[in-house]
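The chain that follows stands alone, in the form predicted on its own, written as structure tokens.
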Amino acid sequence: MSKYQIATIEGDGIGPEVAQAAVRVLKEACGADTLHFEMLPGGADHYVQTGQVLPDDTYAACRQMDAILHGAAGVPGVVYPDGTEVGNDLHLRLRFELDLYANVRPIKLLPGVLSPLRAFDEGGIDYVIIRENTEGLYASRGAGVLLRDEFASDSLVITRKGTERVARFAFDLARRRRGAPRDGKSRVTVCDKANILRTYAFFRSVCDDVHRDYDDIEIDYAYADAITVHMLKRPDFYDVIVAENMFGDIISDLGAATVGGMGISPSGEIGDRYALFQGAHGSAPDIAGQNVASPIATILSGAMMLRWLGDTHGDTQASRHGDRIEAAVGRVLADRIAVPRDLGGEATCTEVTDAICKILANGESHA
């Protein structure tokens, strides 16, 4: 495996705990000398101390290194004058300035995890939501209109370039996967509101244009309200879902709830050159420093990072180590070796991390 430099921002709340857990697991899987983690400041606490949520040196390092690993960001009450949260601005700025246009959210039911959907067990839910990450309703961030405390508006922005590239990302991903659990078909579902708004009708039409280059992949459509029902009733139908920014944000959290919650949900924000990986959960300041947070989402995000590095650099060993980490997590949960509190167990953050590292060290995980 090649050597990589990882820009690491622990952040706020439970961020340092889960980031440190992920670093331990990644080093155990890959070897202590293979990955160099450069610890960098940033987040809401750093803003309180210095007035900067993303220091210039941190941003420069994120541009120079091979990937970015992030713990979590945000502190209640730390907001800008317009009321928006300071913590969110850390990864939002990285997202827009590094052009991380594809937010990748795997929705996968892991071994040993009980889904609230009674009809489904291990293997029955396994799809990925690709959320367009730089346009949509969030393109108005910092640019909306508030008029005399009587009127507010934000604009929903859809461009052909933005939609084409995220749709192509989704179709390319579908080609690499094994298809939907229900029927094995490679399928991209376009989530929109094309029946109501021209922006979403345009989003769908651009996805149709891209689909012409992928006649081996089935295309499917779902309105944003209807898909929330389908994700509960027939999640095994889905393979890859592509959605505008706001809708993708909402349905990603719904999907996470069906496979065990935010504490075990990884995510990646990926562009043509850069990529950032972090657990999908927040900073949970109410449990920070108590060693009770689940590190699994950040650890699985680290596995995603290794697979991305493997794909980007043609490094099959990196990809294999990512698979080993996911398999070790599955083993820990399936055998109930160390189950975190959000999944009904009593294991601490350290105990979960120790258990995963032990399996990796003993070579007991099989990808």
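Sequential numbering from 1, following the sequence displayed. Given the structure is predicted, the values throughout are model-derived calculations rather than measurements.
The form predicted together with ligand IPM exists for this protein as well; it is not shown, and the discussion that follows is about that form.
In the predicted complex, Gln290 stays away from ligand IPM, with no heavy atom inside 4.5 Å. Within this chain, Phe120 is remote from the site of ligand IPM in the predicted complex, having no heavy atom within 4.5 Å.
Ligand IPM is not drawn, but in the predicted complex it has no heavy atom within 4.5 Å of Phe237.
Remark: Ser205 does not count among the residues lining ligand IPM in the predicted complex, judged by a heavy atom distance of 4.5 Å or less. Contact annotation: ligand IPM lies within 4.5 Å of heavy atoms from the stretch 86-94 in the predicted complex, the single such stretch among 86-94, 112-120, 207-215, 177-185. Within 4.5 Å of ligand IPM in the predicted complex, a heavy atom is found for not a single one of Arg165, Phe169 and Asp272. Taking Asp249, Asp126, Glu135, Asp220 one by one, only a single residue has any non-hydrogen atom within 4.5 Å of ligand IPM in the predicted complex, and it is Asp249.
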